[in-house]
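In the block that follows, a single chain appears as structure tokens, in the form predicted on its own.
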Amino acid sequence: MPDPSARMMEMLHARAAKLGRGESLTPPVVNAAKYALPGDPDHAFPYGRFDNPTWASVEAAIGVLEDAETVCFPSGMAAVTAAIMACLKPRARILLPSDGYYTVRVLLDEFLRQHDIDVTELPTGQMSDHDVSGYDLVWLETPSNPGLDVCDIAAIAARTHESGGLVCVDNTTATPLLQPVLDLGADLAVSSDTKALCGHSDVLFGHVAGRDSALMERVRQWRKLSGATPGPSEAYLAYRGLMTLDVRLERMCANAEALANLFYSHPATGSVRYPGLADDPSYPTATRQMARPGFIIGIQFTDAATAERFIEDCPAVFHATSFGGIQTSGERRARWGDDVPDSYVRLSVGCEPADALLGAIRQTLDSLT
């Protein structure tokens, strides 16, 4: 597995190494719909929908982390859509996690099944042993959201490639620093950078990365032709957030590991899902393919009311959907229709000081018993 710290170091200094005297360390926000274009229109910046210098800056930075060509989008779902459309062909067969981000399933159900696209849904925990022959695209999300199941990316990618298929991995819950999915054999990596990659809960953003230039050209063409383009100000915010990714992940993962053990041993909680717990079903595979087990914990309480009370009563937990931000946040994912118990809380652990965070959560748990 590559050294994530080396890639982070390279990313932090990649722009600085190319700057001339007096040029800004941070990328400029280029609000341009039109560029000067005399003569032959074959130019990097012919029109605002085609490309933008601020996009180029954040794509170059994420590209260092992915060690691959990267195309950015105005949201995670825009990136998901581009990756799927780049891989599809008529009457394609897709294998999709039934326990992954629900909006991907809705997209396929409402817009793609009607075009003779055959979709098979399977839980993430069963992906590693499933026969992938005959599928044109195998879509993985590992750790899955919100159940935190894990599948073996390298093994699935090898078997899929043997049968002529492509593998795309939604790596939102891990980021390329914790799980380098392209190094593990995926053809495309997709991420909702709205979450941990940008990390400040102030921008919608996403990206697709891959090492096959022809496939990435299709991704880029989809962005240009569909108009799924990010704003330059959003690209700047994404770049700014990206600069502190490793610092934030270090604190988030350390906090999550400590909290997972607290939840595991506390009488107010039932089952706990966290890939870093030694008896978690995801532990063996996560240990092999992830640098750290991440910052998301699944906690099951006795009932939905207790779960809601935990979120509402704890001063260190922000009640919201989405995850990966600086503040610890939680929600009952069943309210969105995910196949989890009503009492299941997905907790996204943030960057708060460890002792204060653990103290506040422990005090809230004690009040529930």
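Numbers follow the displayed sequence, beginning with 1. Quick caveat: nothing in here was measured; it's all calculated off a predicted structure.
From this point on, the text means the form predicted together with a small molecule, which you will not see here.
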{"query": "In the model of the complex, the one of Tyr236, Tyr135, Trp222, Tyr101 near the small molecule [non-hydrogen atom within 4.5 angstroms]", "finding": "Tyr101"}
{"query": "Contact assignment for the small molecule in the model of the complex, among Leu96, Leu277, Leu242, Leu204, heavy atom within 4.5 Å", "finding": "Leu204"}
{"query": "Contact of Thr285 with the small molecule in the model of the complex (heavy atom, 4.5 Å)", "finding": "no"}
{"query": "Distance check, Gly76 to the small molecule in the model of the complex, heavy atom within 4.5 Å", "finding": "yes"}
{"query": "In the model of the complex, Lys195 touching the small molecule (heavy atom, 4.5 Å)", "finding": "yes"}
{"query": "Partner contact for Phe323 in the model of the complex: the small molecule, 4.5 angstroms, heavy atom", "finding": "yes"}
{"query": "Non-hydrogen atom within 4.5 angstroms of the small molecule in the model of the complex for each of Gln179, Asp183 and Gln289", "finding": "no"}
{"query": "Contact stretch among 122 to 130, 82 to 90, 252 to 260, 167 to 175 - heavy atom within 4.5 Å of the small molecule in the model of the complex", "finding": "167 to 175"}
